[in-house]
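Read the single chain below, which is given as structure tokens and is the form predicted on its own.
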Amino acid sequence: MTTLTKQQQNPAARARRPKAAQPARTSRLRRLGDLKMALLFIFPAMIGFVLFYLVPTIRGVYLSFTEYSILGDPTWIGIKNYTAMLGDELFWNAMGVTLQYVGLNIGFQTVIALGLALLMHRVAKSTFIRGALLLPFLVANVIVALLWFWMLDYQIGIVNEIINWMGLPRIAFFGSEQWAIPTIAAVNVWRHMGYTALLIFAGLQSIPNHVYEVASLDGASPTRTFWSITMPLLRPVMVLVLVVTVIGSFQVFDTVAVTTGGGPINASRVIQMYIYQKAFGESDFGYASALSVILFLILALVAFVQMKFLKGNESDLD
């Protein structure tokens, strides 16, 4: 007589075996359905991404290896556009001016936005006041640039009228080599600091209150609490803010175009302004594309370094 297996001896166990795999199969089908639904929703955005970002990027990289005017066909010249940058004094000047602007803009904007975020978190509980800080960001950048351009005008600007009333010499904010970039940086700090403060404020909201209560019971001062608790727990948000603001600062264009046009004497000719002038002023689209590729690589490297060394993907809350 053949010995029966345990499953053959126990019909109930044999009946339960197919049912054990049923929840896993149902879960896989549900995840597959969610994936199809997600792809359906992002499909329109993907079309826009491919048409307006991916395809132009690929074409721009191709044009960077060509000599191309809009009136003719691209001519392949290899890496000549890239080697020409090594001896291009205007390119190095534009990079230096851009770095100067980025340093001023990021430094002041981050510090001021962090202070505003702390005030919103600790003092300003009114939604109206918090919303008012975001108002400059809602105004178009060109309008903001024109507004400050008139206010800081050397002859009729209200700021110089106040300076003159105080008995001080007038300042050519946009017409001086010394003041052009600091002034442009100040205008953009004023416009963007509310938005940056809102991002930091969102990060402050995610820090549990019990952490501060424990620090208070231990007798930690506000300064010690800020540096030992707030800043470490705020690190992922601060890294995100730095990545976004640095990328945006390297791409400054409209404020410069409206106010100084790159002058005086190239004192405010940032890299984006130089790319525009090469492409649409001199019709040298091949060289302008090469400049754009170099700027893209710089921004990618900066973002990678920030995320890698500042550990933006890690949180002390875990």
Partner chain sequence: MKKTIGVAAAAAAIALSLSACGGGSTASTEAKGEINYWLWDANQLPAYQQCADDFTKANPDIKVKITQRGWDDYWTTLTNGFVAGTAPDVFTNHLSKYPEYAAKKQLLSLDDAVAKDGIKLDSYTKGLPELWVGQDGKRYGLPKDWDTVGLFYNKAMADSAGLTAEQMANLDWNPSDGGSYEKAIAHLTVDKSGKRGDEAGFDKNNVAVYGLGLAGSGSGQGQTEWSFLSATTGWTATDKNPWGTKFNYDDPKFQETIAWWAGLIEKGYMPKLETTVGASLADNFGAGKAAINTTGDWLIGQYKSYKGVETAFAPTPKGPDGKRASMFNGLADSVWAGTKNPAASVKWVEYLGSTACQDVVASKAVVFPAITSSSEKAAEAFKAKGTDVSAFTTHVEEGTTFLFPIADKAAKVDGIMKPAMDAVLSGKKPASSLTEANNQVNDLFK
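In this text, all values refer to a predicted model and were calculated from it rather than measured experimentally. Between two forms, the rigid core is the largest collection of C-alphas that superpose within 1.5 Å. Numbering follows the first chain given and starts at 1.
Although not depicted, the form predicted in complex with the partner chain is the subject of the following passage.
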item	value
Option touching the partner chain, based on a heavy atom within 4.5 Å in the predicted complex, out of S176, N141, S206, S228	S176
Listed residue that, although the partner chain is not shown, lies within 4.5 Å of it in the predicted complex (heavy atoms), from A38, A45, L32, L51	L51
Stretch in contact in the predicted complex with the partner chain, which is absent here, among 194-202, 130-138, 210-218, 70-78 (heavy atoms within 4.5 Å)	70-78
Interface membership of A172, the partner chain in the predicted complex, 4.5 Å heavy atom rule	yes
The partner chain contact at F91 in the predicted complex, heavy atom, 4.5 Å	no
is_contact(I58, the partner chain) in the predicted complex, heavy atom dist at most 4.5 Å	no
Heavy atom of F253 within 4.5 Å of the partner chain in the predicted complex	no
Partner contacts for 97-132, taking the partner chain in the predicted complex and a 4.5 Å heavy atom cut-off	none
Yes/no, A45 Cα shift of 2 Å or more between the shown form and the other one with rigid core fixed	yes
